[in-house]
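Shown next are two forms of a single protein chain, provided one at a time as structure tokens under the names structure 1 and structure 2.
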Structure 1
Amino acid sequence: MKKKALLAVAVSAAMAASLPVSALAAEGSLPRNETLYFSGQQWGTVNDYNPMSPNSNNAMVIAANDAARTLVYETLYMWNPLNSQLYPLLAAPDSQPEWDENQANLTVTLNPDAKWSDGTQVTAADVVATVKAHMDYETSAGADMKNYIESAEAIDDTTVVFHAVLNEEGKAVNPLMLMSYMPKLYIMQEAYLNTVAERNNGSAEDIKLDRMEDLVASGPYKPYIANDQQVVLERDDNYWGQAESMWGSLPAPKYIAHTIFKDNAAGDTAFKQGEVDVSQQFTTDIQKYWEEQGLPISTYLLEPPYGICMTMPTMVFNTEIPGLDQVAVRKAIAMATDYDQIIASAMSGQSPSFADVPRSIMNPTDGEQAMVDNDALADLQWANKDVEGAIAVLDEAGIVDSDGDGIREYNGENLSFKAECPQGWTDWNAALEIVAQAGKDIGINIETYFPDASTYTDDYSTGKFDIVCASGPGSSIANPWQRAMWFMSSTYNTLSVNFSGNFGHFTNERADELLALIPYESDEATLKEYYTELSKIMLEEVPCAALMYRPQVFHAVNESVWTGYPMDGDGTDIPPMDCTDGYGIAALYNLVNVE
């Protein structure tokens, strides 16, 4: 961004600020060579800095997903999807969470160097207070947490024990889900939580709505500007992470900034012009930026699919709908679909093909692929657009076109279904049009249906659909188990409103048995057997079929101001997670200015 434009934006931002603005910000001084600009994450004005809030709309500060964003608040560990490993953050160096022999209590040791922004030590009491606050105030995280964590206990300043909710055998009811909080639970200071409680007279609802503008946190950045034009974080030069027990230095950018663009097109234009350094937006044919336009733009992989794909937008069949309750119909639709066309058109090649990564319950990462025996599944992993094979499956099942109208019947009724996803989700819209064509090729009428997002959400969560496109869990410490649950677990089938998974009410007793065994199993060979068997069930009975592989976050960088971003094969093991998420934040310590 040119100096005059930067000054105008910053001054306007200062005038419009809804949260505190420092004197430096008011002067409009954000040095370009000290500021890392983002796009594709923050849409609209920040509401608050409260990790317990029901709607912070504060993407740069509060994004407590499986690989949490830790610029301001920090977690005990950082998740790395490249190798499926936890890296200590607030936890002690080289440590891992440790279960007792009964798998009932999980112990975490803290790094004694960890400090809050007010200079006091991060202690086990803070961890306990965080867990208790979520549970006592019934936050959304706390409501889920209560299913797996009975309580947390401070043994001493640096030792905290998570006591699990136990099953009838006296073991954690789900050790994987308890472990999943290690890299995504933002730890808050006990003393500050007490301050917030006091000024809100102990009211849970008011506490959850407190804006926490005076927050105390442990991360490398602190709030600086927040208004309807931009969000800026400023580096805390007293950040504890420069200790030798952690990073050993401060992150390179002094400022983290995100302009609030009106849409993806505006963000993409700024990215091409070098006004954005890190883009978390899907860009069609992104390779043209460097191949045809010669721009200093790059992605983690220099060849297709350009990013690390961890999620799988999936075609889910409602197995309670007449016709779709037949395996032959579901399998035929899945077999006849042209996935190569979906990848080429909807994803512009930014997905591995199913020939490259054969379908199973696993995402394409090396860590997950090592957990399934693809050779044992080869005969079930259908080829791309196998129209002849799909027709043979239907004919063998006796599902034929008996009246000559071009549409096959089941129990005397034409096979006719709607394939649904939200209007404007262009890649998914394109994918379902290709599914509809597959239906036409095999004598099944499939019409696309693209309602508004709220209607779509209501439809899939209440089972009011035929075929729906949805995207399950990506990469986390609880995956691939959590994704297998999403694909096939009948435990969700009794929910009147279901956001958890298996929206099509598929039921398989053996799948449920395997899903119950996996959280307690630690032997890698046995886990591989279980996941291979689950994949076999999914491929044989086809409750759903992945349409493409897709990045958990998009990560493209413009190197006109900063360089040193993580790249495949650079030996750092830093994942392409926008320099902010999970172990991806390690990238901030490797950045250097372009001279």
Structure 2
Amino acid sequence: MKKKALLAVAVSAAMAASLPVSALAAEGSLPRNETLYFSGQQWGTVNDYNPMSPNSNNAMVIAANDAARTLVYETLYMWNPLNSQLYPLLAAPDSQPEWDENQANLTVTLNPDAKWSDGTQVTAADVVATVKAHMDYETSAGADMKNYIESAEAIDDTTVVFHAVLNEEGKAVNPLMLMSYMPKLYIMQEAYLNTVAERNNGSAEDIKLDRMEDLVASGPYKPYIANDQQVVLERDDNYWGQAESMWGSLPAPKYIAHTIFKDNAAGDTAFKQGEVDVSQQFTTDIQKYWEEQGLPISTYLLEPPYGICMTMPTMVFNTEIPGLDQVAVRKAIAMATDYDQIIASAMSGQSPSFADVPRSIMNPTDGEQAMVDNDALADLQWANKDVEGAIAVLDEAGIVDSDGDGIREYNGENLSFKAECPQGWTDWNAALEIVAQAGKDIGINIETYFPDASTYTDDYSTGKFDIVCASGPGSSIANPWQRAMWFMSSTYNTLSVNFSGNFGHFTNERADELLALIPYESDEATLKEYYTELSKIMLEEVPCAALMYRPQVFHAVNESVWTGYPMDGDGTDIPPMDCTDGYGIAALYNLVNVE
């Protein structure tokens, strides 16, 4: 009997031991010093490689945002939020997109060295085919693009012209938005698009759902492994970018890998142990990693806020809800909130304070701050946690507690709101708890509500919320205009499903006028005037209030294996964008192994 038991123990031990061994074998096939590991980007298994897909879950390959991730697919230009410049990628060296005199057509010249992974040249026809595919198949990008781009035309192999949708005056309806596609649109190969169309019999629905595992792209990496454990990209050693006209060399890591972690905590643990090199995760008290634990971990800035903040998580008030339709109520909540506490505790000090960077439409980067007149807004700013001021505002508006239950009423109804953001978004969760505390201080009942992410998305995009925490556009060529739209444009109010902004359906005629003027304005002084006026409206009417500043992507590195990451004052202008996004990808060419 005893022997049997022993055997059972031995067998189960062997089985238990065999599991990690096989996992190790899979990981062991990637040489550690040739692999750059990431965390905080990919959650769940990769489902496709299709830039036209409506439900792609492949963060390392497809992230076509304002500073697109160009590891596999490439864009015409790369965006650098540090200096607000476009850097050519597929476009010709030292070139910039050029408008004709009427601002109706935008010309881009391509780099003749640019090649696809099958060795053929990237031509203007490919750009045209990409635009056409998005429009014809009505992808979500295409639907948006149609508002600004009429068509694209190939003049010769390396010259492509984007014809803008024109307004009555014969100018582009929105030159800024057209420009914003330059660092955002993944260029696909015409021949490959034809192959995909053929095998799906031209059905738009099927083409959009094609997994495109046999993709042809122009970037430095190609898909290698993708399963429920990890995603790995392998370097394409024939990558065209090693031409002198582009990078002049191959990126240093042979493999780009992202383990699929269960949650932030798992990713953090791996990062701490040096199993992850670049972490795109919010880490509480990150300075403790180097100050107290002596780990080889660092951030772009040596001192708080440690990263470059470019976005503002904002509480958006639903201006159609009784109570919140009153400026006094919105303003009182915004005034009573303890932002310093949010920044110090919820954000762990990784954000400048509102005393350092006063509230406006602008993010804290120098480039944007130069576009607003903060002195003109000084009188409209409110002090941190101004509970007395908030109470005075409410009392003055006649919104008082008349039935003595401690909660103020508006039209006889208790003011009671839900503040919503997804479960597990730790810093936002904590920030809303502090907003709820503010409500308690001024006699407004605010309860926090943390549903799963999809419920949250559904709620804010269809206006089914009271107060919601959301984050607007960060840094891009179309900003701060796009962010101002996101804060206040009533053009989104008629959409039944709205992901574009102004979720609270705020309406202000003057704001709409200004927002319509900005895209055509190029005079900096006038722009500054417009933006200052918009900020004024925002501070007076409080359709929303920024809770903190936050980096567009978190960027912390562990130098156990690799070093040479960008850092403040290193003499390069490479932004801390996880070595993958926009011009941040330039970092990959500077990495070296730690000796």
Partner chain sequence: MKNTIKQAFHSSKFVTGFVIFMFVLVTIFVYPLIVTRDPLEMVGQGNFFKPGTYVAVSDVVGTNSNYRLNVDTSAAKLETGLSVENRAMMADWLEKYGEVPASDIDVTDAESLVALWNEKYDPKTVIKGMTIAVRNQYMRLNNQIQHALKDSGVIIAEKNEETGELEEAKSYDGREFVNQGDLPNTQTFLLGTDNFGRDVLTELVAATKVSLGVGIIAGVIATIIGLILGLLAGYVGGFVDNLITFITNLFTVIPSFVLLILISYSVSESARGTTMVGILIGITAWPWTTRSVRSQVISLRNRDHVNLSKLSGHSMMRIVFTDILPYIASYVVMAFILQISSGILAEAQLSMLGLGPSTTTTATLGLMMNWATQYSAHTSGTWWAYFPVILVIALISFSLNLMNTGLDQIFNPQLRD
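Only the largest set of C-alpha atoms that superpose within 1.5 Å between the two forms is called the rigid core. The first residue in the sequence of structure 1 is number 1, and each one after it adds one. Here the structure is a predicted model, which means the values were calculated and not measured.
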property	result
Number assigned to the form predicted on its own in this pair	1
Rigid core fit then residue 439 CA moved by 2 Å or more between structure 1 and structure 2	yes
Yes/no, residue 236 Cα shift of 2 Å or more between structure 1 and structure 2 with rigid core fixed	no
Rigid core superposition, residue 156 Cα moves 2 angstroms or more between structure 1 and structure 2	no
Backbone CA shift between structure 1 and structure 2, residue 324, after core fitting (angstrom)	3.7
